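So this first bit is one chain, no partners, the form predicted alone, shown in structure tokens.
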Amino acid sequence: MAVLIAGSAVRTCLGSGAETFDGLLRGACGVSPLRYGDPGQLNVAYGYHAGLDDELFRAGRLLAECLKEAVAQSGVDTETRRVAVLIGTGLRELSAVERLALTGETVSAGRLDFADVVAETLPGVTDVTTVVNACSAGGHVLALAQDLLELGECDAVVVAAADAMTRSMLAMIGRVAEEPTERVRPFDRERTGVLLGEGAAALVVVPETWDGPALGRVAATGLSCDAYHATAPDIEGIARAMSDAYTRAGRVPSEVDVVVAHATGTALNDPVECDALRKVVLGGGGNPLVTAVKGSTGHTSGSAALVNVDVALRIFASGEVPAVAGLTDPLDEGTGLRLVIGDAVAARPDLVQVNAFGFGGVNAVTLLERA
């Protein structure tokens, strides 16, 4: 059963969802010098910061803004309706754990997994589930929300995701690059790796019986967990998630008009994602436009999937598909794909594919339809 999206909100380094989409259409790049930690020690000199001070619970602050905005837009009353909240994340509030290790300063478990933030932001909601599932976490909680609504377990589901930079995560990405990356350049031959972007997103998902305005329809989310490698993606696992999405939705790849790609700008992800798109989508008769957001926003980790969903909803509404910021010379594996380069392209898509892939081979591919 398809479900509807009645509200959507985003925070990235470019601002709100509307500001982020406007920045994508302009080809803006939100990168700036790193504000946290020692760039020399971390081997990371830049990041895509969300405009917050270097303090604890930045992810929760971004999340609260999105929860409040998305629920207000939907009109769902969390005090009188049965509303579940599912939150996807890669790191939760890891910076607080880092502080605990260094200073002994304790923090409540509810603060780490956002239960306190939800309780403070959405009155009446007490059932909060946090899924820690790397960079496809947002796609996974969206799939769970569809299951809950199909089973009649609730009247609406708030699907959200959030991640902020932490020093340990910065140290990890600094270990896999010989030289500090200056900006993310998805699908480009000269890409030098990924940079973190702080971000959060929230959707309000409702059944098709919903009688209020809707931004789009979730046809299905396909999932796979290939466990191929801790950090390297696998074409077969990604292709399986794509095929699962089309099977669940009862659609075929020849019907897809736009792909909002995961596109991390790394040596391994981009060619594998291109190969999977060529295998499943082009091989299935599709010829969609392919765009991506991380050249503008950085990699927003656990919230990346839902940021991409918000962008897809705005493509439906605006009729414009943003170009991939930072992409000028596509990699060889992109041959045959209609990558959007240079300027935004006018389009009126009816079906959009959203990709999200995480460490360990946890993959989520969502198909969205015009409402």
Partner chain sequence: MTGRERETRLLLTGWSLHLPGVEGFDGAPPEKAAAVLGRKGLLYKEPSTRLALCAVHRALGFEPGQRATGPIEAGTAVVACSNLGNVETVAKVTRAVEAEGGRAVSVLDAPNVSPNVVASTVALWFGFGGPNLMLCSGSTAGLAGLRMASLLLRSGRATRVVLVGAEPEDEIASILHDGPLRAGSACVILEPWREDSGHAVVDFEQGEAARTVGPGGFDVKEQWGDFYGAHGVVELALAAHLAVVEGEGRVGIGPRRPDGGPAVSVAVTDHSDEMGSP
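Positions refer to the first chain, counted from 1. Note that the structure is predicted; figures quoted are calculated from it, not measured.
The same protein has a further form, the form predicted together with the partner chain, not shown here; the description that follows concerns it.
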Legend entry - Heavy atom within 4.5 Å of the partner chain in the model of the complex - residue from A119, A267, L282, C225: C225
Inset, instruction - Would you mind picking the one in L34, V340, L42, C29 that has a heavy atom within 4.5 Å of the partner chain in the model of the complex? - result: L42
Inset, instruction - Look up in the model of the complex whether T106 has a non-hydrogen atom within 4.5 angstroms of the partner chain, and give yes or no. - result: yes
Legend entry - Non-hydrogen atom contact G110 with the partner chain in the model of the complex at 4.5 angstroms: yes
Inset, instruction - Evaluate V362 for contact with the partner chain in the model of the complex, applying a 4.5 angstroms cut-off between non-hydrogen atoms, and reply yes or no. - result: yes
Legend entry - Contact flag, G90 vs the partner chain in the model of the complex, heavy atom cut 4.5 Å: yes
Legend entry - Per-stretch contact check against the partner chain in the model of the complex, the hit in 69-77, 198-206, 259-267, 121-129 (non-hydrogen atom, 4.5 angstroms): 121-129
Legend entry - Triplet G295, V345 and A347 all within 4.5 Å of the partner chain in the model of the complex via a heavy atom: no
Inset, instruction - Select from 66-89 the residues with a non-hydrogen atom within 4.5 Å of the partner chain in the model of the complex and write them out in sequence order. - result: L86
